[in-house]
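So this first bit is one chain, no partners, the form predicted alone, shown in structure tokens.
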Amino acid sequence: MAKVIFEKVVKRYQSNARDTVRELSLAIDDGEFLVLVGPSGCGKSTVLRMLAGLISVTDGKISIDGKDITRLPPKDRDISMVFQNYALFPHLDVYDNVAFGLKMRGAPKNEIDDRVREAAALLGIEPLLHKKPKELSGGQSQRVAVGRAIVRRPKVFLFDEPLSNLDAKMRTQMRAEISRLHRRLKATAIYVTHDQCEAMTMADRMVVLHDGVIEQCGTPHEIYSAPRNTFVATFIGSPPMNLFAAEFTSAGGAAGLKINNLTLPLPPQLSAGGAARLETGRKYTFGIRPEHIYLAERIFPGVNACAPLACEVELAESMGNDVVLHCNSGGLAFQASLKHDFPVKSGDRINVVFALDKSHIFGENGERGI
């Protein structure tokens, strides 16, 4: 397959006050499944379409296997793309939709037939080959669109939010199918989504984009467990990470973080030399994920926890196996995620603890984590 490199790529529209994509530099390894994830308007689809040649690059360079493709027309880039709306030809049956790209390139009929039937077998759409798109379900249409992409055997596969039109059950099924297909083809794939669940479950690496800038790039585990800033911390994870304005204090020689009327000891990962890294009186942001807040009476052995915190459950949201508690402790509001085997309901008074060894400290304005 292929290695894809973006070098300080910029996309600028004259009507915009700022660049849609700002000096994006990124290397995608041969055979890697990379997911671009971020909110609407962050530039992720723009990045994909610049790679495909569907929109022009304002500045910078894009290369595939060392070849500069920045100004090449789409047909010369050896790329296949699966679109959000499938883009099937309504007047052609499934066979001809899958074969269309090969026919346009003048491939021999026997080769076209072999490739179409191979792709149909791989995707389980053989019984559909003589049906028209109007006769297909959303999941079947998606498989046909993927089949049209893989028959060309391109260097790079691009997926632009391909599952957003499917229901939740079908999205889960298609995520698994696309992941299995990638493992079989060992293809270089770049996948765009706004759905963090898709990103976390499918990616070898994720790129979190915001306002045309890469906020963080890494494996799903790296990004979830060590977010670079508060944007990443709250965008990745559901429910999102709890964030509190905090102030570093060393009163009485004991270093800690003051949050409202609560003072927490420094997290153990900062305890050695922590006071040297934080400044007395300076504002910080303390973060902890809802699943790292435990009932005081059910704390796991070995967890480095703060003192129990009394709070009221303002709302208990059942999520099946889990329950999300909206808690308030003297004006300090936060969410905790607990297993559903403990009976908690709205209006209950409970005691919780924060797992300090799982907490995070960021700068006051959400900049890089400390």
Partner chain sequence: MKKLILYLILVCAAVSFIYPFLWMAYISVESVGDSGAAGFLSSFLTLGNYKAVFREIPIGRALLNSAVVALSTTASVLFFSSLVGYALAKLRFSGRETVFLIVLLTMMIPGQLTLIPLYTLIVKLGWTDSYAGLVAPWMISAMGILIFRQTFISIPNDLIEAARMEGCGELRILTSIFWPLSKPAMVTVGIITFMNSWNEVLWPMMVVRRQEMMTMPQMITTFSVGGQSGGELGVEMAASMLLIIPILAAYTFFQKYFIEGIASTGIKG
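The structure displayed is predicted, hence computed values, not measured ones. Numbering follows the first chain given and starts at 1.
The same protein also exists as the form predicted in complex with the partner chain; that form is not shown, yet it is the one meant from here on.
Exactly one listed residue, out of Lys169, Arg71, Arg180, Arg105, brings a non-hydrogen atom to within 4.5 Å of the partner chain in the predicted complex: Arg105. For the options Ala333, Val303, Leu54, Val344, the one in contact with the partner chain in the predicted complex, meaning a heavy atom within 4.5 Å, is Leu54. Proximity of Gly138 to the partner chain in the predicted complex falls outside the 4.5 Å heavy atom cutoff. Remark: Leu88 counts among the residues lining the partner chain in the predicted complex, judged by a heavy atom distance of 4.5 Å or less. In the predicted complex, Ile79 approaches the partner chain with a heavy atom inside 4.5 Å. For His326, no non-hydrogen atom is located within 4.5 Å of the partner chain in the predicted complex, even though that partner is not displayed. Exactly one of the stretches 211-219, 146-154, 116-124, 224-232 approaches the partner chain in the predicted complex with heavy atoms within 4.5 Å, and it is 146-154.
For the candidate spot formed by Arg49, Phe83 and Gly101, every residue has a non-hydrogen atom within 4.5 angstroms of the partner chain in the predicted complex.
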